[in-house]
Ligand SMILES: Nc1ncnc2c1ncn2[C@@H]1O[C@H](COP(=O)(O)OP(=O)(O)OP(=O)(O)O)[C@@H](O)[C@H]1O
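Let's start with one chain on its own, the form predicted on its own, as structure tokens.
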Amino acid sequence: MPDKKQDKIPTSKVARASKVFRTSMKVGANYIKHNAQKAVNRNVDENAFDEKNANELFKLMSQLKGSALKIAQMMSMDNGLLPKVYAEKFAQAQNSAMALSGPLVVNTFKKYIGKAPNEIYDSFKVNAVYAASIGQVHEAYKDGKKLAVKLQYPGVAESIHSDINMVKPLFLRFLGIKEKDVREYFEEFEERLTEECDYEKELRHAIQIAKWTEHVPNLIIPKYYKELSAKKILTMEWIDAQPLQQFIDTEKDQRKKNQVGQALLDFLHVSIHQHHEFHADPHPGNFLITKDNKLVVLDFGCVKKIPKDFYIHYFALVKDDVFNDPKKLRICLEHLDMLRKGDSKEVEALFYDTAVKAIRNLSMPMKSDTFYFGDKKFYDQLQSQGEEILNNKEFRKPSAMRGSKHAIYLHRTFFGLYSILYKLNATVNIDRSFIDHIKI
């Protein structure tokens, strides 16, 4: 349960910008102090400096909620692009952000639906059990059923556009690129975040994906209650289970870990390959493990639909007869906007080599019937590519801003999946039948 409570969320653009400004001043002061210390002592603790700034940034994002905290959550996923201290701190966005106070919870219910929680449920605990980026979860009871009630933070949906515009200049300045070169990526991010704030849409997604994956062994998707839900309040059955991260940290039986890993991979593969629509937020905070070792999937706010043309050319790269045929490979890479007609030889070589390396890494598990995700060499290869891209100045040029926007959340999902399977040290079976249905 979150320890600290928040009595007020800044909802106006001015109030939110003011908090960003104050935090940037604190971080700037930390840099000045740190550089002064380094001038007289080269052995200054860099981790302590990173931790101080990470604390300031996470505190800011936790208070702002919404897009700001979601960015922290996304950045915390293992991809080699953040120092370890930042990644570990931002990972708290998954389920332990600062929660709303009891009075603010009651007032938020009244604002959304004109009723206090105790007028809707037989009993309702105002102290949140979990607090994350878009909303927080409360325990409640109705007609003898134990329920989980997700309450959206005030002002989150209304501030998405302005929050992204506040973050965008920092991103553009860091990479040294122009807004027009990354506009479609920001639009994709904003579209997904806007959908996450629509709990009625999340309810429909959860019910639909539950039907699609009901045959997957050892998988549970909670029942959702439409009559107790609204656009910013979502009610579902409560399932007693431990957080996935706790299971990873404490479970000694590798067979149980393999079973959980298999359920997770099958859940995502069925959604992606059979229905082209999938849960695109696979961080540990969105999964629980029951006492009988079943995987519980939570939070269907971020669901991505894959266009058929993109799906075909993306997953065709897994096929050896495509990957090893220069002509077919080029067709796929052009469809995915990794190669462009008119590229110079230098630019084409850069993106061709980068794409080929990424394909080899991501598709390796899909090329065998059984795969051991605990292989550190495989995992380090995934991590190191992110670092290589970040450190290569060529990827900061306008011509480097390419790749289909539809790949953003698909890549994120695979990196999140592979990261969890690595932590589980899991060996799983791969259903490769989807490959036979892909023709280009």
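These figures come from a predicted structure and were not determined experimentally. Just count from 1 along the sequence shown to find any residue number.
The next section is about a form of this same protein that is not shown, the form predicted in complex with the named molecule.
Residues with any non-hydrogen atom within 4.5 angstroms of the named molecule in the model of the complex fall in just one of 294 to 302, 325 to 333, 246 to 254, 116 to 124: 294 to 302. Although the partner is absent here, residue 100 sits far enough away that none of its heavy atoms falls within 4.5 Å of the named molecule in the model of the complex. Looking at residue 286, you'd find a heavy atom of it within 4.5 angstroms of the named molecule in the model of the complex. Remark: residue 273 does not count among the residues lining the named molecule in the model of the complex, judged by a heavy atom distance of 4.5 Å or less. Using a 4.5 angstroms limit between non-hydrogen atoms, residue 137 touches the named molecule in the model of the complex. When the named molecule is considered in the model of the complex, only one residue from 216, 206, 236, 265 comes within 4.5 Å through any heavy atom, namely 236.
Between the named molecule and the residues 339, 148, 104, 306, the one pair within 4.5 Å by heavy atoms in the model of the complex involves 148. Applying a 4.5 Å heavy atom cutoff to the named molecule in the model of the complex picks out 130 as the lone residue from 116 to 131.
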